[in-house]
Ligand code: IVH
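First comes one chain, alone, set out as structure tokens in the form predicted on its own.
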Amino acid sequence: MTPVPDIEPRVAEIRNALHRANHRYYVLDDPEISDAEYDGLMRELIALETAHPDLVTDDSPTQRVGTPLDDAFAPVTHLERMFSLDNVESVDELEAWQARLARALGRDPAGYVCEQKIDGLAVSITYADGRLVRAATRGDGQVGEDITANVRTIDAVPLRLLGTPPELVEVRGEIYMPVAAFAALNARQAELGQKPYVNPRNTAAGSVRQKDPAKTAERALSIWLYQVGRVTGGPELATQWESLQWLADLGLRVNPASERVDDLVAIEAYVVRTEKGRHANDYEIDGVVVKVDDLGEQREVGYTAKSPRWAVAYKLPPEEKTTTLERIEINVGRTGAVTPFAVLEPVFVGGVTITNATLHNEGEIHRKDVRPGDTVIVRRAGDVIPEVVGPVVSKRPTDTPQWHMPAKCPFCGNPIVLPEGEAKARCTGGFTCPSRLREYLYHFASRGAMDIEGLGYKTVDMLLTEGLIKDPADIFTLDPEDLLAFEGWGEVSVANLLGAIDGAKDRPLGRLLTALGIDHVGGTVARQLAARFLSLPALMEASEEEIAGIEGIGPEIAGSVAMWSRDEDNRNLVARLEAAGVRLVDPEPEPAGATASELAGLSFVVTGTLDGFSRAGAKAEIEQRGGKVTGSVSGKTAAVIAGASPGSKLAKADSLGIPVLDEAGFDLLLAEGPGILEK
């Protein structure tokens, strides 16, 4: 249809009015028209574009919600690398950073820009001739994921720049979920009887990666832009402060809390103000970013392998709150290990409502002397992991008894014992314990093991409740008719699950050994065993001496494997797996050491006792992926892997803001790489 001559100017007039209104509402927070006027203009534009589809353009305000994405997000190579920032957590460390700058320049920098460190998802957005053409996640800094269709739905991201835009500009920013929007989202979840979301940061990241952009549009996300990446045909920018002003002039949302300061004293004052007011705004922050203002000085000091020398993130300390420890309960894991946890009177700490916190083991509980009924100090270590720091003894009710591990498992009634020389108590009920069985089946299907997509906790719980599975072998004999009888399960979902199960039958032997959950047999040991024996039956007939003869496998692992192999229930399980078509033999040895380098350049610290890995095994897993294991936590540590009784290293990681991974997180790191550290 050919547009009527007087229609095209009206369409352009409405679009300009809506772009201007969006800028004033979402960027300047100073609306100039009412919601009713805005809605009227939008309705008129939709009607005109429907009648004259030839006039529809990519940057029309009506085109924010696009079509669903494909199954995978396409990779995007950034025009300029997106570096991560080094962290400091004290005034002394900040002063040391400034001193290094002064030495590198031969003088103090001419000035600095202080910005709030937004707790969201880092993104790159590219505009060509003023129009949004691409948006991508940070990824590994060089290659991210294409999230253009989803970012277009965010009202605070202009589809078209204002003023005189350059030929091309790539800008960096942080997508976040406002606190009020997060609260409203969880209120809706509660009304629907659904599980609440954990925190605004994770919810924002998950919202941006929805396969259907319409779902992203429902999440009320916003953004702050803070950096110019590559620019072609734009002005000659001399400073970071000038860059921020230019971004604002283009209609991009720049945080008004940013300040240009002259010296270290002013930086420290900005940090103090920011920490005091960290919850005054409708967005979460976890620190302050300090940048050298002069772009020439930035180029002069340059970069390390992963970070700019001219910028640093001052991490704010984790928050602590007091609450009541209502009771101590236990959970039985896949190996039978019994882990106590605190059930807390709900308390809001670091932007999240905490109701539970791990207590590791009975010895740790007695060491901290925490008791049911105590007022306790709760901290989110690294603003991630809830931790009970200790009791407020002065508020303890009189005659409050110590907590002791129950003699019998509350899930199966069998005795709980503490093996000699171990910190973790164990349930003796084997897989008659429903808690242990649930965790075992989930582990069996997890990514690091048999990798059965769709067989998560929810599905495992359903199958257990309905009596369709009692052990891993039952997974491979599920009847599609039984699954189709469940509410919400149609032919497609059943076919997808059964297809994933069928595909798992041909996993390498090392994966199967990992999935079987043999004590002390993690991924590295499993691959070593597979490479040596080539088949599960051959391994099960091997002597302890043969197993212990493998380099890197000591008597403890050998004894555990031999004991597992002699167990009649385990032998029956293996026979049933074979009968179901699961491959028990490798055609050729899997390499004991992989050549992957996904952890190259990263340092880790392993502390505490892990159920599925020896200390040497965990170290080998990291090193074969190019990473390094060190004995102490520092600002260069990428993450701390923490098992039971982690000791002082966990506190050090907490103080430096270093990510802490439990054993499940470690498995995920090995399976998916370092990207999980940013999730």
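Note that this is a predicted model, so its numbers are computed, not measured. All residue numbers refer to positions in the sequence shown, first residue = 1.
What follows is about the form predicted together with the ligand, which we do not show.
Asker: Would you kindly say which of 289, 79, 542, 132 lies with a heavy atom within 4.5 Å of the ligand in the predicted complex?
Answerer: Only one option qualifies, and that one is 289.
Asker: Tell me, which of 460, 412, 85, 330 has a heavy atom within 4.5 angstroms of the ligand in the predicted complex?
Answerer: That would be 85.
Asker: Can you check whether residue 433 is within 4.5 Å of the ligand in the predicted complex, heavy atom basis?
Answerer: No, residue 433 sits far enough from the ligand in the predicted complex that none of its heavy atoms falls within 4.5 Å.
Asker: Using a 4.5 Å heavy atom cut-off, state whether residue 227 contacts the ligand in the predicted complex.
Answerer: Although the ligand is absent here, residue 227 would touch it in the predicted complex, with heavy atoms inside 4.5 Å.
Asker: Taking the shortest heavy atom distance, is residue 445 within 4.5 Å of the ligand in the predicted complex?
Answerer: Taking the distances in the predicted complex, the answer for residue 445 is no, it never comes within 4.5 Å of the ligand.
Asker: Using a 4.5 angstroms cut-off on non-hydrogen atoms, would residue 174 count as touching the ligand in the predicted complex?
Answerer: The answer is yes: residue 174 has a heavy atom within 4.5 Å of the ligand.
Asker: Have a look at 365 to 373, 118 to 126, 88 to 96, 210 to 218 and name the one stretch with heavy atoms inside 4.5 Å of the ligand in the predicted complex.
Answerer: It is 118 to 126 that comes within 4.5 Å of the partner.
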